[in-house]
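Okay, here we've got a single chain as structure tokens, the form predicted on its own, with questions on binding and movement later.
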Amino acid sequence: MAATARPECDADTIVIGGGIIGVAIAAALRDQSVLVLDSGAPRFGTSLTNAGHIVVSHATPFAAPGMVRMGFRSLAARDGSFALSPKIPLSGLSWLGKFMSKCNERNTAVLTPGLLSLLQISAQQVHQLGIPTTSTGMWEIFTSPRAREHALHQVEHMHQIGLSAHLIDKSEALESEPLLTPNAQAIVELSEDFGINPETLWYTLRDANPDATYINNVTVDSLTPFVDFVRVNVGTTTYSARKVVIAAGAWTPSVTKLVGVNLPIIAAKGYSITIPHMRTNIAHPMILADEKTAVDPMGSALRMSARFELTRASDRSISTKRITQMYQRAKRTLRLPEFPESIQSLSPWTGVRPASADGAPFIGPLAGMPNVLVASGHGMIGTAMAMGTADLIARYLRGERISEAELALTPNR
């Protein structure tokens, strides 16, 4: 049974947000009473229909050296990997300025160790859940004229941060993965990465704590921290708890503003499609490096995800043009069927990721408010990092050890 909350509280911990981060935190707090407040549809982020990659290899923050140049190239080429939506809020300009200032070696050095630690914890704990995962490591495929150079650089980078990676012989790769085209010039195996069905992970974590209470289709109107508890108002209903964890994805800034904190998080929209009934399956989850596309086998289906479009958190519009571009780019590397007559057969989907300005999530208590914690800003690695994030939040709540590397992910940095 879950522990009983203080008499004046409805729960030991209230989690605001029921996406992959929120359900992972609730699952990690089985020794407490937990109340999860979730806004429900249509405010789903990328928890259920993303590529399902568990990528320990993505330990470098998104704001890294070279990203500004890559972003400008993408905008100029209109290749769809990075974009600015006409719906981007005015705060997006400030976010862009902060992001550009953080694309440096120091930011990478400070944030990488904490990211790596939590990604490794996540990968280990996902395996312990016993849910189906790919039995093979991730393949990163390079197709550009400098493919081998970029592949070797990736292998070297992985070794520098202590991860396993090696080149795969092209002829062997083409033989073992018939869906690969000869455009695949260099292949790197990222041995510690693997694929899952993200919906399976979400439901498994959602059900892992049967004593947690979920209240859906609600929006937090006010948040008032006191010395020993926090009061949360939802419409005409008031809840209270010893601690509150804000895990509201791209809507996190609107919640932290209720306590006077403006976190530099912006919505970054991504697209996914699912190709059903593939005649030939792939064994390896893949990152199509030059096409900026993630690919994951899901039974006889193939999931693809791409795009990083800065926009408003409420933007769930789906562009047929963007879906077509993603599909055609992937066909450079994979032998896919012809684009279908009906786009609906691909189950087109879009969701918004919470992207922080320095490329790493905010995890930990807010300054001066030890009973209000944040777990958001994961960008494209929310699914990959969910269980590690939950583990860190649980240690904060229990007063357990936090490493220096993990402390660097504080929302007060």
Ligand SMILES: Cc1cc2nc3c(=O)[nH]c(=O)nc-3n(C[C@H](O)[C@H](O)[C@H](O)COP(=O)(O)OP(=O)(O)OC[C@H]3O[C@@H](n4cnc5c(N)ncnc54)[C@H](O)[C@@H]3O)c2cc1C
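What you see is a predicted model, and the numbers here were worked out from it, not measured in a lab. Don't overthink the numbering: it's just position in the shown sequence, from 1.
Below, we turn to the form predicted together with the named molecule, even though it does not appear here.
- Note that among 62-70, 360-368, 27-35, 343-351, the stretch whose heavy atoms approach the named molecule to within 4.5 Å in the model of the complex is 343-351.
- Site annotation in the model of the complex: the residue of F229, W139, W251, Y327 reaching within 4.5 Å of the named molecule with a heavy atom is W251.
- In terms of contact with the named molecule in the model of the complex, the residue from S176, S85, Q125, T219 that brings a heavy atom within 4.5 Å is T219.
- Residue contact with the named molecule in the model of the complex: T293 places no heavy atom within 4.5 Å of it.
- Of the heavy atoms in V374, none are within 4.5 Å of the named molecule in the model of the complex.
- In the model of the complex, the named molecule lies within 4.5 Å of some heavy atom of S305.
- Using a 4.5 angstroms limit between non-hydrogen atoms, V255 touches the named molecule in the model of the complex.
- Residues of 373-408 placing a heavy atom within 4.5 Å of the named molecule in the model of the complex, in sequence order: H378, G379, M380, I381, G382, T383, A384.
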